[in-house]
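Single chain ahead, by itself, as structure tokens, in the form predicted on its own.
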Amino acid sequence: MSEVRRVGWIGTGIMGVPMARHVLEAGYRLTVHSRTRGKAKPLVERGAAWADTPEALAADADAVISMVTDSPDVEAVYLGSAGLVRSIRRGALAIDMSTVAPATARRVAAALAERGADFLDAPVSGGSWGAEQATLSIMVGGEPDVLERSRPILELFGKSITHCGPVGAGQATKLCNQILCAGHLVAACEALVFARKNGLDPRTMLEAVAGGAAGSWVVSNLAPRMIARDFAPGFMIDLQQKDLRLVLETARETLACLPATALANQLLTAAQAAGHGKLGTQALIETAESLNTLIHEG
């Protein structure tokens, strides 16, 4: 199998741009494609080439990486009328780092296998901050030898790279991650509401609990932003809701009962109804406060 030198990148959103930038900075020849060409401008200005379609992008790439929004987007990129499966070379790598349904990953892998290309589903956790700092956690589904071949690229984005099983297992693991994140998010909001209702300084409360059994990434990273009213999106409520839709759809298919996740989904729906969908998930605190008739006092 040939060494990876030419990388194609599809998707230049809040995660895709900083991740693709790491590829450029590592010295790979990078070609990019996005539905909105203007979003790829920061990468093109740094030396990336532009491709008009996924098909054109994949034609001479040693590896193609996709980071798009949802299952239909992944299917269009890989299997559509101008999809990369039409041109990808035998022996090339394809790595989807989006968060999509496990069944979507398996369909894409089957189509690529017919072309002789290798596939990994490798969704990530860590938000835009992790993408910027190359500290993402990567959950991989696929063959172990394909993972080892892909590891030098994956290590550009984070050092926590876990092989979770065959194709689709990376996506299923990411959905477990989102179940946990949603539960932690709701718990952090409720703890902050409870602290205020009982006359506590919320910052002191967080300091007291963060180092113990209640500590979590959400407590350390999002709860302080809730207090500061910093709702800039490391990960948007709309995207969390997309992921919880995938969780609940997959749960119905596999008869997994997830009542707490369903509750988190409903609370985030209330946040969307209040116009907060484009804000970071930490903006859920405003929904929790409104349920308790709390008014933020600065």
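Since the model is a prediction, treat every value here as computed from it, not as a measurement. Counting begins at 1, following the sequence as shown.
Although not depicted, the form predicted together with another copy of the chain is the subject of the following passage.
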| query | finding |
| --- | --- |
| Partner-contacting position among S128, T173, S71, S150 - heavy atom within 4.5 Å of another copy of the chain in the predicted bound form | T173 |
| Contacting member of V146, A111, A169, L154, with respect to another copy of the chain in the predicted bound form [4.5 Å, heavy atom] | A169 |
| Any non-hydrogen atom of A40 within 4.5 angstroms of another copy of the chain in the predicted bound form | no |
| Another copy of the chain contact at T254 in the predicted bound form, heavy atom, 4.5 Å | yes |
| Interface membership of A208, another copy of the chain in the predicted bound form, 4.5 Å heavy atom rule | yes |
| Contact of P259 with another copy of the chain in the predicted bound form (heavy atom, 4.5 Å) | yes |
| Non-hydrogen atom within 4.5 angstroms of another copy of the chain in the predicted bound form for each of A195, A213 and S216 | yes |
| In the predicted bound form, segment of 174 to 182, 91 to 99, 224 to 232, 77 to 85 with a heavy atom within 4.5 Å of another copy of the chain | 174 to 182 |
